[in-house]
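Here we start with a single chain on its own, the form predicted on its own, put down as structure tokens.
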Amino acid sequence: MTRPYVIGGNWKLQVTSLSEAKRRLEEIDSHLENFDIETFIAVPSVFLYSVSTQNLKLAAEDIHYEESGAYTGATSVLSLVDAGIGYTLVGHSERRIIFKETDEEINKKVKLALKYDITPVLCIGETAKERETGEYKEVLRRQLVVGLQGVENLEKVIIAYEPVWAINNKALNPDTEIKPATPADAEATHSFVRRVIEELYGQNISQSVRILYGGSMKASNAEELLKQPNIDGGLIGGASLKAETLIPVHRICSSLN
């Protein structure tokens, strides 16, 4: 089955002024009219009401698992609806590890996003230690089983596999050499993820769900990663901050379509 590519960007807390956010988005957006690739960029929530785009979609970096209430500093899914935002990241490893989010909380976020017709991008991934000890399949299976518990319309969910050891964040990897997964390792893990989804939802749905690779994807390694049969795009961190580093990935996607 041919699944359309998705390219997602995640700015994290690396753009800190509205003027800079607008400039970077306008630059990227102006290049995307030449590409027919589904593209979103997750920006800090404080900017979501103040920026606009034509060719790419905006995403939230996170939502809270309750619609409203006494949750200081949280982002409500209702705010995304009001701002016309169509995507949100859920369960990014920085949220799981630094902010101690649980699989159960992440599951609530997935279901809440779907309730309001917002596409959740469910992030999963293992640490270097879990990879080295062979625990990573058990970890990924748990993150999928619990994170998707009670989710009926999985075709509206995007999965992003981000090995923690490939994310350029020393808070996550203080003693680990940061490097992307090899295409072969990434494909093997994506294939495993798709098999778990098949166990949960059946072959037809598992073959339609897009699974993105995250973790230091950039122009220099994107082609070999995107050629893999179970990799349907990328969730890109640092390379999504500038048109000059993100647009080459789109060119590669277009050449492979």
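Quick caveat: nothing in here was measured; it's all calculated off a predicted structure. Residue indices: 1-based, along the sequence shown.
Although not depicted, the form predicted in complex with a small molecule is the subject of the following passage.
- May I ask you to choose, among 112, 159, 148, 166, the residue with a heavy atom within 4.5 Å of the small molecule in the predicted complex? For this set of options, the contacting one is 166.
- Query: So which stretch, 25 to 33, 215 to 223, 190 to 198, 59 to 67, is the one near the small molecule in the predicted complex (non-hydrogen atoms, 4.5 Å)?
  - Reply: Careful reading of the contacts points to 215 to 223.
- Evaluate residue 126 for contact with the small molecule in the predicted complex, applying a 4.5 angstroms cut-off between non-hydrogen atoms, and reply yes or no. Contact check for residue 126: no, nothing within 4.5 Å of the small molecule in the predicted complex.
- Message: Taking any heavy atom pair closer than or equal to 4.5 Å as contact, tell me whether residue 246 reaches the small molecule in the predicted complex.
- Response: Residue 246: no contact with the small molecule in the predicted complex.
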